[in-house]
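There is one chain below, alone, in structure tokens, taken in the form predicted alone.
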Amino acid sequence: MSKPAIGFIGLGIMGRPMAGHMQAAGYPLTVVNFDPPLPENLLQAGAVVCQSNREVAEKSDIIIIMVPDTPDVEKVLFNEDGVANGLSAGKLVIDMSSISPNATVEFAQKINALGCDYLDAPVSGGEPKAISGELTIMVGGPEAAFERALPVFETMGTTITLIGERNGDGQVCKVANQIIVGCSVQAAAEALLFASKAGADPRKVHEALMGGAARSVILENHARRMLDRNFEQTFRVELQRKDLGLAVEACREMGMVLPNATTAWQLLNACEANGDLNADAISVLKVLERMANHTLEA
């Protein structure tokens, strides 16, 4: 049997390799002709180019969205030339962006009303895992739709979990993931800065911590880049701030407080004052350095 045609909207840092993996696995690919310029490798491999998101939906069996924020998903779906106006019954829409769980529920209801299935399937792993095809994919939505999408997900990720059959459950899981990441990045920066100001060699401290209970991907990768003062963008402040903002907003709606997540979010807000909104999220180190009146030296 021929593989379903995939429409992919959002060919950014993450979307480009994700779409490439699906195309390499033999899925016919349709994309939209928006800026930035379309990736040549996708075009050379036969990607069909459309002039609107609506046209992408019309030509595809499964439509995947990978854009930065909740308003972006809403525009892609429901603008006059959006995906919703190009759908016909039986198609599947998958949002792999990281957005509001509550908005996701509303979007899914509107798409379901058109006779189509909807999955929210945000990812974790950043650009390196997108390139290697080893993303973690957190899915919310009906099990039948998940099973339909699973072969597609397996081209992009290695840890693929149906969190629950409610739309929005995948986004809840992604917010939880970002709480851990955001707080861990802050903790790593604080630990190294503390060690440095106290007079210890932060590289030796990092080496020791990597052998103990504090060991983590964040400590291994992000802390090492802090020591090297390598602020090259891998996941920018603006996106991490958005994700933790979703956590703070959800907590407000539920009548609960997450002190560490809120503090991490506030530090990311302070990054903007430093002019680092588009820098890597480890730039929280610079905010902490100003507060400590000390620069991490290694």
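Quick note: we count residues from 1 along the sequence shown, nothing fancier. Given the structure is predicted, the values throughout are model-derived calculations rather than measurements.
Just so you know, the form predicted together with a further copy of the same chain exists too; it's not on screen, but the next bit is about it.
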Contact with a further copy of the same chain in the model of the complex for D72, defined as at least one heavy atom pair within 4.5 Å: yes or no? no
Does a further copy of the same chain come within 4.5 Å of any heavy atom of E190 in the model of the complex? yes
Answer yes if any heavy atom of E207 is within 4.5 Å of a heavy atom of a further copy of the same chain in the model of the complex; otherwise answer no. yes
I94: touches a further copy of the same chain in the model of the complex, heavy atom cutoff 4.5 angstroms: no
Please determine, with the chain shown alone, which of 73 to 81, 108 to 116, 148 to 156, 135 to 143 has non-hydrogen atoms within 4.5 Å of a further copy of the same chain in the model of the complex. 135 to 143
Taking a further copy of the same chain in the model of the complex as the reference, which of V67, C50, A261, A270 has a non-hydrogen atom within 4.5 Å? A261
In the model of the complex, the residue from C183, A103, A130, L87 that sits within 4.5 Å of a further copy of the same chain by heavy atoms: C183
In the model of the complex: members of 92 to 131 within 4.5 Å of a further copy of the same chain, any heavy atom: S124
